[in-house]
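Take a look at this one chain, the form predicted alone, written out in structure tokens.
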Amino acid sequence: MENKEQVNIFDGIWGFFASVKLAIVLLFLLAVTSIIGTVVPQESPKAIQFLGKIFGDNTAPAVYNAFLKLDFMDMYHSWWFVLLLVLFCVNLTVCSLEKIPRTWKLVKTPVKPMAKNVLETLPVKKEVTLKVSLDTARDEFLNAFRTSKYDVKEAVQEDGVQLYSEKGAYSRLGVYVVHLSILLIFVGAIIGARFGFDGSLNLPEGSSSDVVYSRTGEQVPLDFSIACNWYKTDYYKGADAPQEFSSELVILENGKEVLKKVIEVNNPLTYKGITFYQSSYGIVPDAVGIFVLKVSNDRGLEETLRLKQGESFEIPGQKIKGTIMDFSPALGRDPQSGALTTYSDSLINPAVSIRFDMEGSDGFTGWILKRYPETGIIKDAGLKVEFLDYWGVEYTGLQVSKDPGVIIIYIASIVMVLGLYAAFFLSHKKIWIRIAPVGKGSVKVNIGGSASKNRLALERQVEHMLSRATAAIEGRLKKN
């Protein structure tokens, strides 16, 4: 009795997970929750603002707190979303195991000769009578069969001969290969959710960090340090619209540089499975930067200088002294008064004001713009001063992610392509050719076939084999 009860319980559990209804429910839940996780921003300020548009500003904080408790703010790492993935994996596995034995039996059952009355009931059939001997017809149809790359078998019968073969038996397993790829994708997603993370890091120029920050603000330690040598924004010529963002990042281990790379928006840096993407930038509050200037004269002498505001420098080979007087992050001209003005706090059009003092003449002060190098040319003195950078005041905003399951997902994608190809473009085809004598010097040829899919392709193949064989027979008769 105990064994029967255990068997009944097992059958009940197996039947529950083998249910197609369960698969539909799980797919629906995964779809709905994925839509919520995609539509609702995962960062609190944006989420509250988004929810305010739907539920109203007064209700939004309460809805946000409810979503926070339900893990909708970090949904793809929540225990219940991972549980849904696990349940779907189990459901898909059990459903596949239910049907694989029957499919495997079909795959491994060899094709056998078929009776004439059964052959005539097949979905694809042809019949033709030819004035030729049985041996000649048999040879030519055998050649046509083999030309179509079939492994042909032959059965001699009392009333004639039968040729038969099959191709693509294993294509029936294509759907289960797709199932396997889906399971691998979910396994990769589960591994990524449990052992990976998504975070961010605002890294100022010249600084380093051995931690990043999760979406909830918690520190995620790294077993190495990452430093930013510099950050740069390139603008479209003559406009203030950013064209490209880039940063030079350095990986440090035990104080030693092990990797250096310039990253851009679509060109991240990956180290030890952790990927750093260029995602944003900004100004470090109250930062005191260093002006990087390149000074050269018409005799080929040049020097790169790193100075702070108020510091002076000597021009190489010239009796000229320069002093950094002022700085503007975005220097422009007022359209009404024509006066120079700063129109933004961001480093959109940075400019440095330098006073030049020369022996024997009065000094002068001029603005040199970083994006317009021609503003630093002093023709009378044969001098050029380039404003290369205002270093140390910007930070590079990095999006950081670690997903150890991504390699499994890549493999699963390849497996899925193979499975879909087998499931949709290959078919299990079977063909029988029965050749029997009718009267003196004539034979009747009955061709029948079946395909698991794409019956039209099999019909074309049967027509091609028939025309090839009949053409060969006619050619032999003409020679005789």
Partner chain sequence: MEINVLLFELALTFYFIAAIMGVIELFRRRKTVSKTTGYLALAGFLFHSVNIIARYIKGGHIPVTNLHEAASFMSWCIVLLFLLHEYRYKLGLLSSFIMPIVLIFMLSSSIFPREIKEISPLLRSYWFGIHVILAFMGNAAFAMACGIGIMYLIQERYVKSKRLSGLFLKLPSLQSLEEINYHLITMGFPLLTLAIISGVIWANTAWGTYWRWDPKEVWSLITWLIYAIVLHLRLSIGWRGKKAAILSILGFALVMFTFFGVTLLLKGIHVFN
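Residue numbers count along the first chain shown, from 1. Model, not experiment: these values are computed from the prediction.
As for the form predicted in complex with the partner chain, it is not shown, yet the points below apply to it.
In the predicted bound form, at least one heavy atom of Phe81 sits within 4.5 Å of a heavy atom of the partner chain. Although the partner is absent from this view, Ala330 stays clear of the partner chain in the predicted bound form, with no non-hydrogen atom inside 4.5 angstroms. At the 4.5 Å threshold, heavy atoms of His464 stay clear of the partner chain in the predicted bound form, well away from it. Taking the partner from elsewhere, Ile377 is found to have every heavy atom lying beyond 4.5 Å of the partner chain in the predicted bound form. This chain lacks the partner; the member of Gln399, Ser346, Ser165, Ser353 within 4.5 angstroms of the partner chain in the predicted bound form by a non-hydrogen atom is Gln399.
Among Ala239, Val211, Leu340, Val118, the residue placing a heavy atom within 4.5 Å of the partner chain in the predicted bound form is Ala239. Shown alone, this chain has one stretch from 441 to 449, 428 to 436, 28 to 36, 65 to 73 that lies within 4.5 Å of the partner chain in the predicted bound form by heavy atoms: 28 to 36. Highlighted residues Lys261, Phe291 and Leu369: none comes within 4.5 Å of the partner chain in the predicted bound form, counting any heavy atom. Counting a residue when any of its non-hydrogen atoms is within 4.5 Å of the partner chain in the predicted bound form, the hits in 400 to 416 run Ser401, Asp403, Val406, Ile409, Tyr410, Ser413, Met416. Three angstroms is the minimum change: in the predicted bound form, the CA atoms of Ser452 and Lys21 sit closer than in this structure, by 3 Å or more. Three angstroms is the minimum change: in the predicted bound form, the CA atoms of Gly196 and Ala31 sit farther apart than in this structure, by 3 Å or more.
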